[in-house]
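Here you get one chain, nothing else, as structure tokens; it is the form predicted alone.
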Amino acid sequence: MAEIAPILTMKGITKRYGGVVALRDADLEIMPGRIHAVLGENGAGKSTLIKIMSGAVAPDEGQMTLAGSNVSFTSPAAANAAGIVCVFQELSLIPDLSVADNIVISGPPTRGGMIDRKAQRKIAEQALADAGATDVHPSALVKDLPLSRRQMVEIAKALARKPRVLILDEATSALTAADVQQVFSVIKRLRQEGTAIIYISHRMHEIAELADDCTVFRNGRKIATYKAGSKTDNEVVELMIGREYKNVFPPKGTGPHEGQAAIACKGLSWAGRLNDISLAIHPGEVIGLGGLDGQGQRELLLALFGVLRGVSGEITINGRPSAASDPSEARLPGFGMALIPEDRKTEGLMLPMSIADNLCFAALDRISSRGIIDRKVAEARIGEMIELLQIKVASADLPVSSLSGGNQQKVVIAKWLMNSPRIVLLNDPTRGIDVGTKQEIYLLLRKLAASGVAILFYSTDYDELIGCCDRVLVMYGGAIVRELAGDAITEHALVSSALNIGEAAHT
């Protein structure tokens, strides 16, 4: 029986960005009909590797072969034409176009020199069905879809191109649990059909369920390749971070927290999405928001930060009725609030602008005098934030888009810490970032809490809620259905409460 040859190989791949070596002498072999997980911290070289595979950037050294032939792609379109298709974590959709337009944008069907809309819709419907996203209408504008549906459209767009090699870069990070299982079914079907799949995720349970082979990168180098299941999670993480992995979550506060709440609300309601919510968060508390995705957690954060219009109920800050009318008011000293948004790419950063400029946006009034930025003050504060969050950056003058995902997320957080907030709202802040950076964020949250900051923290990761939070407020149908504290914060309690069943339904 003839040995099966790799569909894609990379040998001696090196890529430099100025003085920074993103990849150094990297090798990789991808087999047809197998799922190959690529693991590593943000900044390990994974993103550069897949950008080279998919034609987005060219390597400085090394060779790539596809089905035995040497290839060198000058653009993503060239890679797509050869059968290599990538679903990036940063969506490539055009918001003002329809779902169908986005799915066939690289090669729409034509008739008589015009786009054949009927054929286009048929292709889009089939692609959406293949991705398990039949609830998405082909005529809907992408900008009107929530993030999870946009992610499913991105996957459908990739499937429409019939890839030989499909690259999935954190493709499930914005999805609901039901969507994740649907995508898993699609991936397993493609594997059976002979498609080679490169899977990048920081969610170890996803790797355990899907992967056949795994390769770990660290600091731009390949560290190891092994069969999935042959190493424990701790062994894998230690390969990724280069040190022993322990004490994932820092110790919690001593509590209980009493006295005046830093922020509280009573009877908060909005547009049928928030229903009679009452809560209080004290200085030094880390309060989690749990529940299935889409139960009003994001809307609650937006309501507290003054983003939503038509909110009813009362919000108090330090005991005084004091609802912010908009985000620009919420960040002022009288409110002292910060909101770390869900989507860092579109809601948290100006990607073409420098790291320094992004850090300064929310704190311009604090680093300016008579409308002119005090450069010495600004540079000092920027340096403090880079050191505090350990942002890996060669120069603060580089565009923020040049940073890895984890370091970009640190910039979003640092931007708001420039304001020295007393109330910090976080919307799934560790989505799509590596375990090492997650640990740093957990430590930062505890450090902020120890200084008296009140923290409200929404996470889709049960382990984070269990490991980070003093209390967890579980939401269902836009309401808080259960409060868990201390040893009562368990996975069983979180899941049953999220489903509003059993004990939770009567609490």
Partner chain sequence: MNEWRYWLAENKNTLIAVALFVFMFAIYASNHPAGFTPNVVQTAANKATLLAFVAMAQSLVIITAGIDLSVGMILVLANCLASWIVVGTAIETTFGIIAVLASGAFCGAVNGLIVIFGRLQPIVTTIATGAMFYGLALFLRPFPGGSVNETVADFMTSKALGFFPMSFVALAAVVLMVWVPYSRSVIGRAAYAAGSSEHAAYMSGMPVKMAKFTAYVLSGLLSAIGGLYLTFFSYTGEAAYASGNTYTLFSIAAVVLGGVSLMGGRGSAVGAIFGALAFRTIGDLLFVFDFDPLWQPLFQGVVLLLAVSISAFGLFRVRNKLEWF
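This structure is a prediction, so every number in the text was calculated from the model and none was measured. Positions refer to the first chain, counted from 1.
As for the form predicted in complex with the partner chain, it is not shown, yet the points below apply to it.
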Do heavy atoms from each of P32, R221 and M240 fall within 4.5 Å of the partner chain in the predicted complex? no
Does the partner chain get within 4.5 angstroms of any non-hydrogen atom of S72 in the predicted complex? no
4.5 Å heavy atom contact, F335 to the partner chain in the predicted complex: no
Partner proximity in the predicted complex: T316 to the partner chain, non-hydrogen atom cutoff 4.5 Å: no
Classify R309 as contacting or not contacting the partner chain in the predicted complex by the rule of any non-hydrogen atom within 4.5 angstroms, answering yes or no. yes
Contact with the partner chain in the predicted complex, heavy atom within 4.5 Å, among R422, R298, H282, R150 goes to R298
So which of R117, R366, K188, K345 reaches within 4.5 angstroms of the partner chain in the predicted complex, heavy atom to heavy atom? R117
Option from 264-272, 379-387, 397-405, 210-218 whose residues, in the predicted complex, bring a heavy atom within 4.5 Å of the partner chain: 264-272
Only counting heavy atoms and a 4.5 Å limit, does any residue of 112-149 reach the partner chain in the predicted complex, and if so which ones? G113, M114, I115, R117, Q120, R121, H137, S139, A140, L141, K143
